[in-house]
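The data below hold one chain only, encoded as structure tokens and taken in the form predicted alone.
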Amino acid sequence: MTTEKAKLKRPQKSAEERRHDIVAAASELFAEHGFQSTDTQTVADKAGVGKGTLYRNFKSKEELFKATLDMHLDELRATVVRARESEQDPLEKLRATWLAYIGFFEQNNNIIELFIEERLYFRDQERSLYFTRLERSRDEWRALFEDILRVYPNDEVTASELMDISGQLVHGAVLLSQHTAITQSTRQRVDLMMRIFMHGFIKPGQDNI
């Protein structure tokens, strides 16, 4: 069979599928080689499209790079929201969210490299795309911490404070796992984080503060 006939028989992908292929290829190459060293022709070749098709979908390499971040942030959001909605008790919702969040980055650790590249090459941005998206969803996530305080009342802390502490814990856990050898499973780490988050580490009667 000639090459031309083979091309005719190959299933045609939709514009949406081609766009996804380009972004997926770009994500892998940007994470492996960095934004600066990744050539759009290499991305097009890996995605199996012509360079013209790439530029019909993305006006520049910068726009393509941001599309890769958007794709992964959409995946992250879908993962943690699905985990949150799988539980009824608000603390279990939080535990499930932490597990999903940390697990997402452990399974896709190359995404951390993309966020680092963004801060390195897009310094003119006031805020990274990750934190821009995070800020937009604050009200939605604050509702979870308000539910926690309704079920487990504590007048010494606000829902916003709980939310900020939670964010610092999981962000730190993700970054730490990139640079140190972790011997505990993700679930073991989350269980320990939850115990300290809920009860602290000082036994009753030992608090001299």
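Predicted model only: the values in this text are computed from it and were never measured. C-alpha atoms forming the largest set that superposes within 1.5 Å between two forms make up the rigid core. Numbers for residues come from their place in the sequence shown, where the first is 1.
Although it is not shown, the form predicted together with the DNA is what the next lines describe.
Asker: Hey, of 145 to 153, 46 to 54, 65 to 73, 166 to 174, which bit sits against the DNA in the model of the complex at 4.5 Å between non-hydrogen atoms?
Answerer: Going through the listed ranges, the match is 46 to 54.
Asker: Which residue among S160, Q178, Q184, Q36 has a heavy atom within 4.5 angstroms of the DNA in the model of the complex?
Answerer: Checking each option against the DNA in the model of the complex, the one that comes within 4.5 Å is Q36.
Asker: Whether R18 contacts the DNA in the model of the complex should be assessed with a 4.5 Å heavy atom distance threshold; does it?
Answerer: Yes.
Asker: Pull the contact list for 56 to 76: residues with a heavy atom within 4.5 Å of the DNA in the model of the complex, in sequence order.
Answerer: Residues within 4.5 Å: R56, S60, K61.
Asker: With both forms fitted on the core, give yes or no for whether the Cα of H171 moves by 2 angstroms or more between the shown form and the other one.
Answerer: No, its C-alpha moves less than 2 Å.
Asker: Would you say Q125 moves between the shown form and the other one, meaning its CA shifts by 2 Å or more once the core is fitted?
Answerer: It does, since the Q125 C-alpha is displaced 2 Å or more between the shown form and the other one after the core fit.
Asker: Using a rigid core alignment, state whether the CA of K61 is displaced by 2 Å or more between the shown form and the other one.
Answerer: Superposed on the core, K61 moves its C-alpha less than 2 Å between the shown form and the other one.
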